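First comes one chain, alone, set out as structure tokens in the form predicted alone.
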């Protein structure tokens, strides 16, 4: 079965004849589009089903208002076979915050590098409008006592620099360990957004730690990041050489391996379970069986998930994988982030589950987690589920860079969508409604 990884170059973008949809424009990066070629392969019978009625899974970016976090239920209930697959952001955020706090307490005798009684940390924020990034920022601030309530929740805004503790979006926290009280202070935080507009940007994080360390380096005792891509950039640029523990999120292979070199820890969001769920709900809809098949209920091949690795919220039409802290104590169990989850690794019989064609996009072909962990997992599962998938790589900046390549949805049986911005679900559903 062929797999196509499609990334658009600037030259191809301006040569496309497909109708653009969405309000955003901009440049793009990558390779070539083969969607026209792909119409001749696979065994699609999609012509008998209207595009608006085909199975649709949103993944990794939940349709929602980027300012309020309110879910876009119109997108989540686009048709009866529409779902979201992600992970429990709040549970994972609390785990990350607790992991950082536990590390500080366990290493209190050595962690205060300049001995001033203040445990200073810096925070790399991924995307200020992304629910997962918001949750992780809140989780760290809650655990360390630096959070300030705003409109009923902990303020998640970046603070710039705060070496004197005067910022209004955070406050000084305190930890009492072995009878001594320490101040905990968020020294600096910013959204890691590059000049082209891409968020969660690792290079920007590497530059930020360079600026922070040159300005107040001996005050930085801990580095925290909303993801491993940014965390590893800061670790390699500065904190590794200065023995400053760095904490990320995603359990990417390089971050897990770096724990042996001083990386403080990360959070596995069970990408293996997420990738499986992303394709499994499509497979079930295409087969016309109950959506729980092979998830909470074993299928004929024996694939089934236990309830300690995922939850389903029926009201939100959303599947959430649960998170696991990865530290020096258990990191060797997480060294291969692209290995399929054993309980759901059994091949489906093609006679009962005939090959179907799926259009799937990755919002940013350069995103470390999605490109090095999530997509390889999807590619491992698609063969097991007899799915012929066109993988579309975006530029991380503009929705139209992706939607331009959904010019002929009629050739596909189902769709899996990873948006650039959580507000922009309508850019995709408008195409499917034509």
Ligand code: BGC
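The structure displayed is predicted, hence computed values, not measured ones. Residue numbers count along the first chain shown, from 1.
Form predicted together with the ligand: not shown, discussed below.
- The chain is drawn here without the ligand; in the predicted complex, the stretch among 129 to 137, 190 to 198, 291 to 299, 115 to 123 whose residues come within 4.5 Å of it by any heavy atom is 129 to 137.
- In summary, among the residues 268, 278, 227, 246, the only one with a non-hydrogen atom within 4.5 Å of the ligand in the predicted complex is 227.
- With the partner omitted here, the residue from 359, 331, 363, 83 that has a non-hydrogen atom within 4.5 angstroms of the ligand in the predicted complex is 363.
- Although the partner is absent here, residue 212 sits far enough away that none of its heavy atoms falls within 4.5 Å of the ligand in the predicted complex.
- Remark: residue 381 does not count among the residues lining the ligand in the predicted complex, judged by a heavy atom distance of 4.5 Å or less.
- In the predicted complex, the ligand sits beyond 4.5 Å of every heavy atom of residue 391.
- A residue is said to contact a partner when one of its heavy atoms sits within 4.5 Å of a partner heavy atom; residue 61 meets this definition for the ligand in the predicted complex.
- Contacts with the ligand in the predicted complex, taken as any heavy atom within 4.5 Å, map within 82 to 104 to 87 alone.
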